[in-house]
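Shown here is one chain on its own, the form predicted alone, set out as structure tokens.
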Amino acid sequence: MELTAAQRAQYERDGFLIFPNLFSQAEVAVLRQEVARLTDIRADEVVREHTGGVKSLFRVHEGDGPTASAPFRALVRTPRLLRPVQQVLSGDAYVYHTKINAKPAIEGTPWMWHQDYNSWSKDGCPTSNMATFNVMLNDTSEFSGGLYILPGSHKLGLLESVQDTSTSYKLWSIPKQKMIEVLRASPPPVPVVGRAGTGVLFHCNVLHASGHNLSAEDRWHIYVSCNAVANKPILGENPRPDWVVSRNWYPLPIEDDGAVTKAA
């Protein structure tokens, strides 16, 4: 899949693109079946809430490790996902990490306003030439804790952040007063909603957040975070583990667009 000139311009302006119904319901069914299997695994890559429920599943895109998954490995190599990433990063890319975020029905908690590059700059990535491709694994609404994106906020550059320790997975979020100032000076946030299979590509400096899941259905999304090969991190002492900051810096190849269902 090739982005058009209009889509490239929209990404530069807004910091994100939405692709409705990018993946079929048959593909989504395969991926959801994999999520059900992966949630039973006990490993560092499976981050759980204090209540024991799964918060996030990491490193599902590789061929080895406790959370290895053939369908998710196929997903990140499809031209529908990888080619737009290569275009916005202007060349070869690799997967920085994969993360499947859960928001259980009624109990799913918010992710506060943040920029992904606040964490990734601390990992040693020299520039913000990074992006994330999110694929919805459920029909998603504002009511079920969908994503919000602040259009054009990637142009603000990297903002000051503080570590949010209120969740089991630590997040560098924007301080409340600063975020209020940014919101008042910006266009309204865009709720990213749609059917399962919808894709969203967004810049690593775009401000985004998600709310509480108050619906009767669990909400699952996969976030495929990618880095330009030329932008690989300069790792310092005690870097975060491989399942958060991949050491596999080889260019990711585009493979079979139908491989997700074939891997079932």
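Owing to the predicted nature of the structure, the values given are computational and were not obtained by experimental measurement. Counting begins at 1, following the sequence as shown.
Below, we turn to the form predicted in complex with succinic acid, even though it does not appear here.
Contact with succinic acid in the predicted complex, defined as a heavy atom within 4.5 Å, holds for exactly one of Ser173, Asn101, Thr78, Ser121, namely Asn101. Three-residue candidate spot His61, Arg73 and Phe133; no residue lies within 4.5 angstroms of succinic acid in the predicted complex by any non-hydrogen atom. Contact annotation: succinic acid lies within 4.5 Å of heavy atoms from the stretch 103-111 in the predicted complex, the single such stretch among 84-92, 178-186, 103-111, 150-158.
Though the partner is left out of this view, His203 does not reach within 4.5 Å of succinic acid in the predicted complex, counting heavy atoms only. With a 4.5 Å cutoff on heavy atoms, Ser210 counts as touching succinic acid in the predicted complex. Residues Arg219, Tyr223 are the members of 218-248 with a non-hydrogen atom no more than 4.5 angstroms from succinic acid in the predicted complex.
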